[in-house]
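This document starts with one chain, in the form predicted on its own, laid out as structure tokens.
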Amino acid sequence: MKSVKIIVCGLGRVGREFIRLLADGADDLEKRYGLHFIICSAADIGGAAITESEAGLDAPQLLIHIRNGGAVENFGRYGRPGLTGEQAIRQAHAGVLIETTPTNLTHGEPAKTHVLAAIEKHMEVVSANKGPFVLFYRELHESARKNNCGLHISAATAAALPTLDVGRVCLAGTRVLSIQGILNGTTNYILTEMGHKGTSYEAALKQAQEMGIAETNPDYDVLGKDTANKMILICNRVFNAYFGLSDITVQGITEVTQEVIAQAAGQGRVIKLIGSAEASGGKIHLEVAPKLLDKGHPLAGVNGSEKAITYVTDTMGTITVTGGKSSPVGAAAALLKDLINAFVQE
């Protein structure tokens, strides 16, 4: 049995679901993988809870405390009001950082500071936060290599859809020629409603918002920014590259009209928002844009809020993976998967 101490930074929906998965699945994780996970610290915006006890924090009781409106910094004798995530990382004797603070795509904070602090302590980093890895991937990657620790970010690249697992593990030894992905559930839902039911863009967006699929301000999704960020992360890992936001052209779905979709249908095609990477002439070209797909295309039948990714390789042909739960539970499950895989050796 291997005991692994972890610190969780960020106790929003994803962070809480992750702790719940650990608590509910503790016995199964020990039986199946020989891993015993101990939460030695948890931090949020107002402070942290931290313990040096070998038993760690009581995860079920911590969840009850938070769900009842309590703040983590007031969690009994373990609470530390005002203790920052960085300070908690440096004080806790942990081997893994679970980073689930809100994504910031302006300066990547506070996640960037958290990740660098963890790397300096030679900790494994498991993150659902895109911000620091989109903006500062080269710096973080080189620092992690120098300190011999891993960066595990599949939860940031379409949550439960195993984009990186397929590209880096299942296709190891191949040369990836191209990648195409439907990586945003909101835009795919809107385009599906417009194509299948003749719904207008405005009505489909409103419906998505009422269902909780789209945010009140949907620009991040419908302008293609979310897809672009995920493509950057995927391509950096799969192609061992250092792409940034300046390396990808981005067009969203706001100009896709019902007339355009009807015209595509008349040609036997569908329109999907596709993130793509094409290797050509020794370079890799990244793009996000609405694309006309023939109905025989592997992504053409991916509907609703579902996501999917297609890899074209030199030796294994075309591989497509679809599905993956788009929710805080799905993202938390992806974090748990990365955590397990960081320590399990076949």
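Predicted, not measured: the structure shown is a model, and the values here were computed from it. We number the residues from 1 along the sequence you see.
There is another form of the same protein, the form predicted in complex with another copy of the chain; it is not shown, and what comes next is about it.
Here is the short version: of Arg138, Arg90, His107, Arg175, the single residue with a heavy atom within 4.5 Å of another copy of the chain in the model of the complex is Arg175.
Of the candidates Gln61, Thr318, Ser53, Ser280, Thr318 is the one whose heavy atoms come within 4.5 Å of another copy of the chain in the model of the complex; the others do not. For a residue to qualify, one of its non-hydrogen atoms must sit within 4.5 Å of another copy of the chain in the model of the complex; none of Ile45, Glu193 and Asp219 qualifies. The closest heavy atom approach of Ala23 to another copy of the chain in the model of the complex falls outside 4.5 Å. In the model of the complex, at least one heavy atom of His152 sits within 4.5 Å of another copy of the chain. Interface residue remark: Asp28 is counted as part of the site for another copy of the chain in the model of the complex, having a heavy atom within 4.5 Å. Put simply, Ala342 is close to another copy of the chain in the model of the complex: some heavy atom of it is within 4.5 Å. Look at 310-318, 45-53, 281-289, 66-74: in the model of the complex, residues with non-hydrogen atoms within 4.5 angstroms of another copy of the chain sit in 310-318. In the model of the complex, another copy of the chain lies within 4.5 angstroms of a heavy atom of only one residue of 219-237, namely Arg237.
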